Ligand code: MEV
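In structure tokens, one chain follows: the form predicted alone.
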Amino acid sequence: MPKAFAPGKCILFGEHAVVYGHPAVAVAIDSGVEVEIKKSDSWTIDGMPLEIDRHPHISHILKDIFEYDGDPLEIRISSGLFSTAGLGSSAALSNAVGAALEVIIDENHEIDKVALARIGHSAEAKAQNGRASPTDTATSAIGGCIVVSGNDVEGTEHIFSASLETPEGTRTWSIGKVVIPEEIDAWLVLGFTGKASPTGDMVSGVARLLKEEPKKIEEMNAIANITQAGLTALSSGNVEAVGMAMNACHERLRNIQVSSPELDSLVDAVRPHSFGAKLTGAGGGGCMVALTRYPQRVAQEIEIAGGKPLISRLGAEGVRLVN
């Protein structure tokens, strides 16, 4: 009866600019998805019949990846992530299912985090009509701080490369890792606006904006420069500089119209008690993230401003089996 846990993620730098070939920096968070699988007399998920259309990630992993033809399985899922908030819940689900299913097939199997990241990416692509970045699945599987870009990024340790045949052609990514110094005394506090983050709509909206105002591409270049500065600060343990980069990144994201009044309100509420704060993910809703030494105070400010807080370490452990 294997049980596996995979963390969610938040993006520190590079959202939207990554669509145009620039790096994105993501970190694993403490909260995530836990999956327990055991053999049964019938196929169920949380006590309900398994329906392929409703569970495309799980169905793809079972049928297409593992080609599982054994006994029916009872699958139990528990999530500590906000739904539709841009925290990588579907990626965490795919990674946890993959890890638990491997043990069902071979109880002596040892976790291969890169292999699980690839499995999760494949499941994301299947569920998203052939379009999916490896950012969420790689961060959830490997843990820590992950950098995803079209090319290797200076100052990162290359972990693996990924490619995907999309309706627009072949896309390739380099996935690297940055070691966060252990002595960093800071926490992440995420604030959920309560509104879903419509990733597809936001990405399309940015594309329209750049077409109508070509000079706005300078904002993407600025985000790329901020991302590199933030990475350098993070790897050296300079939390003040990381916070400055977060603040600067949020302003650039506002300039390309992906923030919202709800996100801005939460960001403004926590900045007096944080090194920096910004929206994280696609925008339009979803979450913001703050870097702070005072997580409980920041969480209170988020609640007062109307959001739902979630406290995490800066770069949690990746996918793993649990007792």
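Remember, predicted model here, so these are calculated numbers, not experimental data. From 1 onward, residues are counted along the sequence shown. Definition used throughout: the rigid core is the maximal C-alpha set that superposes within 1.5 Å between two forms.
Unshown form predicted in complex with the ligand; subsequent notes refer to it.
Q: Heavy atoms, 4.5 Å, the ligand in the model of the complex: which of 198-206, 181-189, 99-107, 69-77 makes the cut? Say which one.
A: Result for this chain: 198-206.
Q: For Gly281, is any heavy atom within 4.5 Å of the ligand in the model of the complex, or not?
A: Result yes; Gly281 sits at the interface with the ligand in the model of the complex.
Q: Taking any heavy atom pair closer than or equal to 4.5 Å as contact, tell me whether Ser122 reaches the ligand in the model of the complex.
A: Contact check for Ser122: no, nothing within 4.5 Å of the ligand in the model of the complex.
Q: Is there a heavy atom of His16 no more than 4.5 Å from a heavy atom of the ligand in the model of the complex?
A: The answer is yes: His16 has a heavy atom within 4.5 Å of the ligand.
Q: Would Thr193 count as a contact of the ligand in the model of the complex, using a 4.5 angstroms cut-off between non-hydrogen atoms?
A: No, Thr193 is distant from the partner.
Q: Just one of Asn247, Gln128, Ser236, Asn221 has a heavy atom within 4.5 angstroms of the ligand in the model of the complex, so which one?
A: Looking at the other structure, the residue within range turns out to be Gln128.
Q: Which residue, Ile142, Val153, Ala132, Ala162, is the contact with the ligand in the model of the complex, using a 4.5 Å heavy atom cutoff?
A: Result of the distance check: Ala132.
Q: Just give me the residues of 101-115, first to last, that have a heavy atom within 4.5 Å of the ligand in the model of the complex.
A: The stretch does not touch the partner at all.
Q: After fitting the rigid core, is the C-alpha of Ala269 off by 2 Å or more between the shown form and the other one?
A: No, because once the rigid core is superposed, the C-alpha of Ala269 moves less than 2 Å between the shown form and the other one.
Q: Would the C-alpha of Ala305 be classed as shifted by 2 Å or more between the shown form and the other one after rigid-core alignment?
A: After core superposition, the displacement of the Ala305 C-alpha between the shown form and the other one stays below 2 Å, so no.
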